[in-house]
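First, one chain by itself in structure tokens, the form predicted alone.
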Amino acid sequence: MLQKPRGTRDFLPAEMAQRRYIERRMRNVAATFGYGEIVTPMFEEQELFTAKSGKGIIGEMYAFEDKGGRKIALRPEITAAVSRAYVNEAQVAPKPIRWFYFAECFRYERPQKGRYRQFWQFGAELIGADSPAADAEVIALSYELLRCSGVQFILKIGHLAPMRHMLAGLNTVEQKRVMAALDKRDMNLFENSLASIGRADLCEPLVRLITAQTLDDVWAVTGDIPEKPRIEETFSCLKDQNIPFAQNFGIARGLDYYTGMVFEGFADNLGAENQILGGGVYRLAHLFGGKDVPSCGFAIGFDRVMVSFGELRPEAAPIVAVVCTPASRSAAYTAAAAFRAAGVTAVMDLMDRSFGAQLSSAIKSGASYAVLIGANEATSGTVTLKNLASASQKKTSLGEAVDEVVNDSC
């Protein structure tokens, strides 16, 4: 028996209904913020991703040569592709540009709970606005997207300027070692990294920075750095919008990529693999041949959001089972078409079951209503509408039956 490739999944209808339900809610929220959807190719030139993340990412990608000898990769993430699309298609468009996406990505890594080789991201990019209000809008959007999904999470927000200020005396290699230790949240590795480069003196002030509970605690460590007013105004914008968050100036999302505000979201019940959101302020367009432009964006790990729910039950729309005899099948087709035209799911028997067996099957299938059309109903042009939850039924016109089911779903 052939099996699906490792790190991929089959989604059967019940699970897809749950995923589409959350996806629709997220799309609606993005639209209310004024973000329009962008779709980019599933595969791009490898250089697009190595320019952003370095040659080392090739080992994590599905990378190959096509029949023309071009080096191609299935996209491992979307931000680089969106930036490339901006350079190709929208540099002269009015600013700011508000785009969102929902797309599958591919990474060749060890599969585990919440981490797959084929996975989906829901994200957004704000391009061309460089202000505290812009940073706050993107963070607010990320918060509302997670909130609307129903997942339990905490949002952590920081800024790279204080960390850069503290590490200014280190060279690039030393900075990366310290940041890598922070990114792993391993304090022993963090302390050893500083000791190995002869900067154990930085340990105490850096710990004070990453454990600071208020902005005043941060300034007590760093002093009045140039970015202080912007950080304070961004936090103020978030508080004005009643966005709950925890400050964290130990977020290590890459000194060589992000340029300012950074933020992450964590689900309450996913154990070690609990990060479901990551984002920040960056500048990428110049890497792809465009003019330098400020941007801020994020990506939500849609699969991890779904895993965190466990057994999710989206609001179920009513399903109508149309039950008929061979003689009344024409009337049954008419009834099914009327319900479908009103946006109601209507199913009919395809296995030549008896009238009673059709009704029994409808109950077992989880249908909400049965529309019974026997000889009497076919002759009189009526239907019998049976509520399968209460077992109550009544004979009525087809139009009234449709209206009742539609009103029940509102």
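Start at 1 and count along the sequence shown; that's the residue number. Just so you know, these numbers come straight off a predicted model, no measurement behind them.
Beyond what is shown, the protein has a form predicted in complex with histidyl-adenosine monophosphate; the following relates to that form.
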### Task
Using heavy atoms and a 4.5 Å cut-off, decide whether R107, Y258 and I276 all contact histidyl-adenosine monophosphate in the model of the complex.
yes
## Note on the structure
None of L238, I127, A299, L145 but one has a heavy atom within 4.5 Å of histidyl-adenosine monophosphate in the model of the complex; the exception is A299
### Summary
Picking from P294, G290, G114, P96, the single residue whose non-hydrogen atoms come within 4.5 angstroms of histidyl-adenosine monophosphate in the model of the complex is G114
### Task
Using a 4.5 Å heavy atom cut-off, indicate which stretch of 211-219, 276-284, 225-233, 145-153 touches histidyl-adenosine monophosphate in the model of the complex.
276-284
### Query
For F119, is any heavy atom within 4.5 Å of histidyl-adenosine monophosphate in the model of the complex, or not?
yes
### Query
Do R304 and histidyl-adenosine monophosphate share at least one heavy atom pair within 4.5 Å in the model of the complex?
yes
#### Entry: Proximity of Y101 to histidyl-adenosine monophosphate in the model of the complex, heavy atoms at 4.5 Å
yes
### Task
Give a yes/no on whether S328 approaches histidyl-adenosine monophosphate to within 4.5 Å in the model of the complex, heavy atoms considered.
no
